[in-house]
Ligand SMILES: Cc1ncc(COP(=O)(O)O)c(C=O)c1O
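Single chain ahead, written as structure tokens, the form predicted on its own.
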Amino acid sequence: MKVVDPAGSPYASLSPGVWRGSTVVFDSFEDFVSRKSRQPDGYSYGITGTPTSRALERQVADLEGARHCVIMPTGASALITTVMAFVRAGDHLLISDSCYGSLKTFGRQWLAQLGVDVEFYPPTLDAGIEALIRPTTRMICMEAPGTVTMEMQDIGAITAIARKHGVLTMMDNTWASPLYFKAIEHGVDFVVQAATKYFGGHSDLLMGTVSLNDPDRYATLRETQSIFGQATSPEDCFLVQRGLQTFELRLREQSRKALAVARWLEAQPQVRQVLFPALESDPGHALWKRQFEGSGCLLSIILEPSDAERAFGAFFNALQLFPIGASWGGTHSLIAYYPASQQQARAFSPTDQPIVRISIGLEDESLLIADLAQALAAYARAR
């Protein structure tokens, strides 16, 4: 990046600059008026961004194969702000039952109270979703594979049906990322990434991105981001720009390790099922192989049932290399527990059992497997 300092001397750096600021000033009244009218890309106030955030947005749009991108403070805010920008009272909203929990909760507890007809559909419904579309259907929300239970969706089939009926589509594509799935090319209108995960890559920031092609929808989304005050820190933008320098290297290595761990887990007697579409045994494998070019680092397992919850306590407390945490996608491996009650409360869950979700980082996979082996042994003893 090359800039000129106040003394007129040039300065070039491999590191992107960090532009902070809440207030944008203008040279004249005419400039102020014209700048204000050049939104969504112009600068009028810090909420809409600085050159630092614009540079990141261009970078993410290029990765996605999109014309535009809007960054938000979190992945959840990216999902919810996009829905709020385009869905109104009287509209019908379709949300996959395996979508991110906060989006489902927002639909159920907020949008439904505001007059939106919210309907959850089976994640594997695919082309059958056409039967659910009404004259008032405004948007279909997707995630593939699904949060926690990892169901695949036929994205191309759903978007083709949506376009036929004039319905918008939004997809959370964080698991595969644009490296392994170009959702824009498959007809998705709004592609969301939780940049907290792979883009940032180091478990030290929160951010979401929304990429899209349509300029009018981009203007609407930018305005909504501004009105809702969804400003993103320039420092966090810098960290994501830095993370993107190693994004592909990290994800390819984490993906390789995750597949190795998943194949090992599949052969363990205490593991009833591994939920990971890259495995041939997974119900969504054929869809994954047809649509995706690789797999993410996140997988889930269902253990052989135990009547004692203390068995899960024994499993988790035996782990030495896996911290317990709800996020994923960073350089450090993580593990999390989702009780049976969460799956039983869903309308279309593939299981009624507890789920263990595992994010594979950059540690040696043989060490991770050894750690899981002794934890599974502890689980077996406690059952």
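The numbering used is simple: start at 1 and walk along the sequence shown. Please read these numbers as outputs of a predicted model, since none were measured by experiment.
One more form of this protein exists, namely the form predicted together with the ligand; it is left out here, but the text below deals with it.
- A heavy atom within 4.5 Å of the ligand in the predicted bound form is found for exactly one of 121, 106, 288, 100: 100.
- Distance criterion of 4.5 Å from any heavy atom to the ligand in the predicted bound form singles out 206 from the list 244, 132, 206, 157.
- Residue heavy atoms within 4.5 Å of the ligand in the predicted bound form occur in exactly one stretch of 183 to 191, 110 to 118, 288 to 296, 167 to 175, and that stretch is 167 to 175.
- The three marked residues, 71, 230 and 238, fail to reach the ligand in the predicted bound form, with no heavy atom of any inside 4.5 Å.
- Taking non-hydrogen atoms only, residue 83 never approaches the ligand to within 4.5 angstroms in the predicted bound form.
- Taking the partner from elsewhere, residue 147 is found to have a heavy atom lying within 4.5 Å of the ligand in the predicted bound form.
- Using a 4.5 angstroms limit between non-hydrogen atoms, residue 76 touches the ligand in the predicted bound form.
- The ligand is not shown here, but in the predicted bound form it comes within 4.5 Å of a heavy atom of residue 143.
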